[in-house]
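Here's a solo chain for you in structure tokens, the form predicted on its own.
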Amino acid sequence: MNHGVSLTSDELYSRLKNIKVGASVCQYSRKKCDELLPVINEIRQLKAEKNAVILVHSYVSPEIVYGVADFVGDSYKLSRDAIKSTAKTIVFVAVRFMGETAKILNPDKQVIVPAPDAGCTLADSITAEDVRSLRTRFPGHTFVCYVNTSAEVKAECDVCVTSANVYKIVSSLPNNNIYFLPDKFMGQNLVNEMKRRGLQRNISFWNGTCYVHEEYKQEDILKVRLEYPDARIVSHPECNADVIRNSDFVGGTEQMLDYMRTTDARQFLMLTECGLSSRLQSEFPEKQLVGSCTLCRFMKSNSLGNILSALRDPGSAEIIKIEESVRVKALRSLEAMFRYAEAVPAAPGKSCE
């Protein structure tokens, strides 16, 4: 997404001017763009000098997505982008577990997470010790971990998944006995989807939640459908089963964007972090968003300021370090994910029936 070293004020404003998702932090005047531009261009110049690449999740602030990112996407896409990059330094602008995933895949590269306190309620809900205890209680189960987990947890599991490929991968596993962690809502949605597909799977799951997605309720959808009967409801698999059941489309963040890009519908209620709403408004301004916007405090803890600081002189807390024995074990679960995901034809999410 990042072409050339410096941006002009006109270029930045053209990328950000259509974004109006509610919070003042996500609205951009010409004056605000002019104020942001010096820091943006300093970051762009510095990363070129240091042979660094900036990977950015769709949930972070728009001025980062459209100002300094080389690659933007969801967990799966960015994992692939990290592998492909020839840069010696990866700046992962997201949350810590994503930086750890990049380090697992790129042990010889320096990986920096600019916001070292950028946690995740899902990743923080379970430890490696928890998984080892679960394995004694659920012998003979294949342990499937969501990418929203620490390197230590991935190291104790058999295969990693993302919201974009979880249904495909679990459908393909040779073992019918599955333990899924850490998201209880995604776990229940996984149970329901396997039943819908007519597949025999004995699935148990952990009790973690994403604090953003657990806020969404069926009532939110019903209210919007009354006021905007033509709106399409697009939701993330981390939402609860009632939300999923009443949605028109369910998928990972990139799948959601693809759906909204290709459908003829003009109005959408998007039930995920509002960074994705910003991308829709910037890239498809003819589409209309209805309903509310929800910020993730962890993703939004990334800023142009801490990116610049991390590029100049990263502190020890910002540099990802993983014990090699843990990294090697965690790598197996990620390699299993790539193997299963690429062996199954990709699908653009699930249309609820």
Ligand code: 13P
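Bear in mind the structure is a predicted one, so any value in this text is a computation, not a measurement. The first residue of the sequence shown is number 1, and the count goes up from there.
What follows is about the form predicted in complex with 1,3-dihydroxyacetonephosphate (13P), which we do not show.
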- prompt: Of Glu156, Glu193, Asp74, Glu100, which one comes within 4.5 Å of 1,3-dihydroxyacetonephosphate (13P) in the predicted complex, counting heavy atoms only?
  reply: Asp74
field: Options 84 to 92, 142 to 150, 222 to 230, 171 to 179; stretch whose heavy atom lies within 4.5 Å of 1,3-dihydroxyacetonephosphate (13P) in the predicted complex
entry: 142 to 150
task: State yes or no: in the predicted complex, is some non-hydrogen atom of Gly208 no more than 4.5 angstroms from a non-hydrogen atom of 1,3-dihydroxyacetonephosphate (13P)?
output: no
message: Test of understanding: in the predicted complex, would His213 fall inside 4.5 Å of 1,3-dihydroxyacetonephosphate (13P) by heavy atoms?
response: yes
- request: Answer with yes or no whether Gly252 is in contact with 1,3-dihydroxyacetonephosphate (13P) in the predicted complex, where contact means some heavy atom within 4.5 Å.
  value: yes
1,3-dihydroxyacetonephosphate (13P) contact in the predicted complex: Ser163, any heavy atom under 4.5 Å: yes
Contact set, 221 to 241 vs 1,3-dihydroxyacetonephosphate (13P) in the predicted complex - heavy atom within 4.5 angstroms: His236, Glu238
